[in-house]
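Each of two forms of one protein chain follows alone as structure tokens, named structure 1 and structure 2.
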Structure 1
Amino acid sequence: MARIRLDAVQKRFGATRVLDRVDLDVADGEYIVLLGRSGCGKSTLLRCIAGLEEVSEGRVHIGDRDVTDVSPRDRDVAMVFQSYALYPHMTVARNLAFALEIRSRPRAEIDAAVKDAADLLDIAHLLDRLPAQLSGGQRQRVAMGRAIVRRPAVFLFDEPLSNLDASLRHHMRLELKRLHKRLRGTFVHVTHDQVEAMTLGDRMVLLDGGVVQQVGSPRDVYETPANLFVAKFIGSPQMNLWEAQGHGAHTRVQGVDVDVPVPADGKYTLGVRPNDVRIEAGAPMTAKVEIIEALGDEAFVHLLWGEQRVVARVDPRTAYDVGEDVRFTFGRAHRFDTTTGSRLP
């Protein structure tokens, strides 16, 4: 059983606090993605799970064990490093076999496990090469092979795809998904790429400044961002956000009356995803077309709305002219507390 549980984990490097009271519960066999900007503490969190860093406070549990004081080699976890960290003086085969050799497994078992892993990852033809003789993508596969060869309960991936080109990254995403299905291990995957997080994770954890911002399925996080940070971080283009003032049924954004589905009283931050900005004749608000971004199967129109900007997702087949006045309205809207950033009902 490889449930992972973090209890109020803190990590300080000297005086700087990198992780602040992180609580996390990962179910056995779950694929969880840690998402956040670079420097927010993702790798540190992963390394705390692996045991490569000692936590400053809090406990780490894997399965039924409290492993806080257990050395990495006894935690039954495998990790794919962002840099891959392949042993440069060993062939691919020996890189894969190393963990089993260390554990003095019988030769036949080692060979079989290496062969399995190599077949699974399609690197059987590379077994005699040294890491220096591999391409980036091949190295990445070897690094993954090294992790899976000994079938650990927990797999840790630190930005495994970030060194790959776009098409390879897409391909490997699918492969990871497939791998997860096959191995049924608990996967913890660190990335700064929201697409990766959205497509791979059963659940995702958003981290900022060492603090967990939201935990939830990709859908949840997208639909109901817990705070402004998440709202801004998830979704591309970013959610439209304005300072709003509500008086009963009236809502004003910088002096302009707007039409929101659920009005509320007081000052708050109003958020509307570009998806939910609908351009249609006879809609209540008017704005001027500033820029049109056509991406083939979708298009975004950037509007000047008084002094505010609005981004709307539109049908690429509809033609707009720059400078043209259009009328629009909002579908679903989100409200956040302007000072704390947290979501308002």
Structure 2
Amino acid sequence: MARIRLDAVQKRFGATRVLDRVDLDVADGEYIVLLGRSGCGKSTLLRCIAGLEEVSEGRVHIGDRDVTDVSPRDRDVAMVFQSYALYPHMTVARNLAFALEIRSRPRAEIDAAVKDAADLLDIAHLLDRLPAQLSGGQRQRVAMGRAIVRRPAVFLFDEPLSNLDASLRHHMRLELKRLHKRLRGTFVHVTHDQVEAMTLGDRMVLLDGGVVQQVGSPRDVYETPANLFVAKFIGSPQMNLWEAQGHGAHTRVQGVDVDVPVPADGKYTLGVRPNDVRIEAGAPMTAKVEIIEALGDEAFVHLLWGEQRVVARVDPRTAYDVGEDVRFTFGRAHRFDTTTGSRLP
């Protein structure tokens, strides 16, 4: 397997800049997830690593090689696409073997590679079937198997789970985690799904407008968002955000005194995640219950706090009534520059 290093990578389509000076260092054997909204540049970045897009500026390194000007087939990468891209007229066995057959590898080597991949992915019983005879999850395993038989230095996944239903996406996330552990490979995975990113990645790379907003472990990104974009994007429901005015130990949100553990002076944006909003008797602030979202293993209470709204994560066994007055306070809070969006200490 191999390390990946991107140095000031830029990509332009005409006058439109899609990637803006992206620097990234992926360790050998690491699972990196590129996360962001549609159009943020994450798939373009993946294609630049694969060589399917030429970079406009900057350099791409895989292992000890500068592969910026190297063709895709010579970069030692394998890509799994959202659409599976299986050959419909070929059996599963032929789909797995095809990449090695066109490279004229010995038959014994091809058969051994196909068997190993099929055993690893639990699709050995499907080798004689055509893609049309497979479920979505089985097709995705075959697409992964085509990558595995090549024994690449780097595995690239472009939205591989987007076409699957919710239960199958959960199952395939577990399969990908197990696959990474067994292969000990370098994985780069593109998704717009934050749950997918946080459960799969050793680290996440959040992009917006072609610019890297933050790189870090899922826990670091969730607990210490670098800016307002990250704070809004990560977490469901998203972080509660209000314009605030600090005066030393006192903070006001649109004229309302609030109890927060981050005293400061001046205007800023105050952020509190729903799990840090504490509804408890005797708390200093009062709000009215507007909506209750009961989701089985968790619940969210939407509060009206004057003209503001507050979302609190609560114990699903606790009963609240719409219209009920409750008292609440904040646990951990975050501050952001209102103008730049950057995190403040």
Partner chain sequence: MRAPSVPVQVVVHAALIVFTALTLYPILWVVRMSVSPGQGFQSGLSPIPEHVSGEHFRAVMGTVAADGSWLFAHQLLNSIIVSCATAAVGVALATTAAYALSRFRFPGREAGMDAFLVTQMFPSVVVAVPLYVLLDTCGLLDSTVGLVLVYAATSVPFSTFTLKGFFDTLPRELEEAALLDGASRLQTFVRIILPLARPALAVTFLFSFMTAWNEFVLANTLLSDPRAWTLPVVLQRYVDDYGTQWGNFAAGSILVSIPVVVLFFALQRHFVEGLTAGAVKG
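Numbers follow structure 1, counted from its first residue as 1. Bear in mind the structure is a predicted one, so any value in this text is a computation, not a measurement. Whichever C-alpha set is largest while still superposing within 1.5 Å between the two forms counts as the rigid core.
A.B. asks: Only one of the two shown forms is the form predicted in complex with the partner chain, so please name it by number.
C.D. replies: The chain shown as structure 1 is the form predicted in complex with the partner chain.
A.B. asks: Look at Leu164 and decide if its Cα position differs by 2 Å or more between the two structures after superposing on the rigid core.
C.D. replies: Leu164: C-alpha displaced by less than 2 Å between the two structures.
A.B. asks: Once you overlay the rigid core, does the Cα of Trp242 travel 2 Å or further between the two structures?
C.D. replies: No.
A.B. asks: Please say whether, between the two structures, the C-alpha of Pro106 moves by 2 Å or more once the core is aligned.
C.D. replies: No, the C-alpha position differs by under 2 Å between the two structures.
A.B. asks: Core superposed, what is the CA shift for Pro88 between the two structures, in angstrom?
C.D. replies: The shift comes out to 3.4 Å.
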